[in-house]
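One chain comes next, on its own, written as structure tokens: the form predicted alone.
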């Protein structure tokens, strides 16, 4: 961060996607008939199950693979995944919670200044792209962190990465580049 700017940036994690396996075959029809907060999608071959606390939605396949979305932290995702496994155990399946993995993290952050997107992409040409006809944000990819940052002219950014630590590191890396391309304040 820039030493002259003492403001701390608030990085708000809005979605954590995680997967895990049950290590047993799941009968989707049984889950749909006996489970609570369930939506059966036979044309896709999956069941959607929602939990209220933590607020997550899970896609359940008969193979035993489950994808959880909607958590706001990695710990909350793991807690929700374990609660789902417990719900399935109560329905009579021999579920074993295994292979839990956080797959994707989405976060938003607001810069304390507006950004001149054309200057930003010119300065960072190979890894930044801006197509105003297609999308209002400039896209900046950091390969070693596997993170993608969408930069809007208002200074708002959305960051996707494999985990929360990589997302925070990506914001720290892109901040000086954005600071160089800030728009002057209008009076």
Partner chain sequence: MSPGVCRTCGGSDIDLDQARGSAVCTGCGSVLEDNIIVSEVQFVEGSGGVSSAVGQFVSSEGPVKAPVLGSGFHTGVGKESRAQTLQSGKRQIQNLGSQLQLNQHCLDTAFNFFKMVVSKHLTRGRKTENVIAACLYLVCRTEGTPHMLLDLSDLLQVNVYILGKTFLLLARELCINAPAIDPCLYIPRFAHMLEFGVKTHEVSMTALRLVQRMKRDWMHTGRRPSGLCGAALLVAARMHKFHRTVKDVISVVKVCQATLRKRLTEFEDTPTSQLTIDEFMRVDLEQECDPPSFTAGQHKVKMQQLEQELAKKLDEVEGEISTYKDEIETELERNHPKLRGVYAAYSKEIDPQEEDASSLTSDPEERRSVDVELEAAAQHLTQDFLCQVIQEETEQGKKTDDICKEGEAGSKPEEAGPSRQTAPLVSILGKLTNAASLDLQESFTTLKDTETDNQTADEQPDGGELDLDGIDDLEIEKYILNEREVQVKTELWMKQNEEYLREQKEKEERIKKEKEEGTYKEKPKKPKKKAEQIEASTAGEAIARMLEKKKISSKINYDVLRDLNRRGKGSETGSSTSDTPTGAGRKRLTRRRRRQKTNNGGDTDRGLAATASIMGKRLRPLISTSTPKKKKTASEAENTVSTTEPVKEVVSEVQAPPPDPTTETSSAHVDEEEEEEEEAEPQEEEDQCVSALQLIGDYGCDVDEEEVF
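Positions refer to the first chain, counted from 1. What you are looking at is a predicted structure, and each value in this text was computed from that prediction instead of being measured.
One more form of this protein should be noted, the form predicted together with the partner chain, which is absent from this view; the next part is about it.
J.: Is residue 32 part of the interface with the partner chain in the model of the complex - any heavy atom within 4.5 Å?
T.: The answer is yes: residue 32 has a heavy atom within 4.5 Å of the partner chain.
J.: Is residue 130 close to the partner chain in the model of the complex, meaning a heavy atom pair under 4.5 Å apart or at it?
T.: Yes, residue 130 sits close enough to the partner chain in the model of the complex that at least one of its heavy atoms falls within 4.5 Å.
J.: Residue-level question: is residue 123 within 4.5 Å of the partner chain in the model of the complex, judged on heavy atoms?
T.: No, residue 123 stays farther than 4.5 Å from the partner chain in the model of the complex.
J.: Just to confirm, residue 63 within 4.5 Å of the partner chain in the model of the complex by heavy atoms?
T.: It does not: once the partner chain is placed as it appears in the model of the complex, residue 63 has no heavy atom within 4.5 Å of it.
J.: Would the partner chain be touched by all three of 79, 83 and 100 in the model of the complex, meaning a heavy atom each within 4.5 Å?
T.: Heavy-atom distance to the partner chain in the model of the complex: all three under 4.5 Å.
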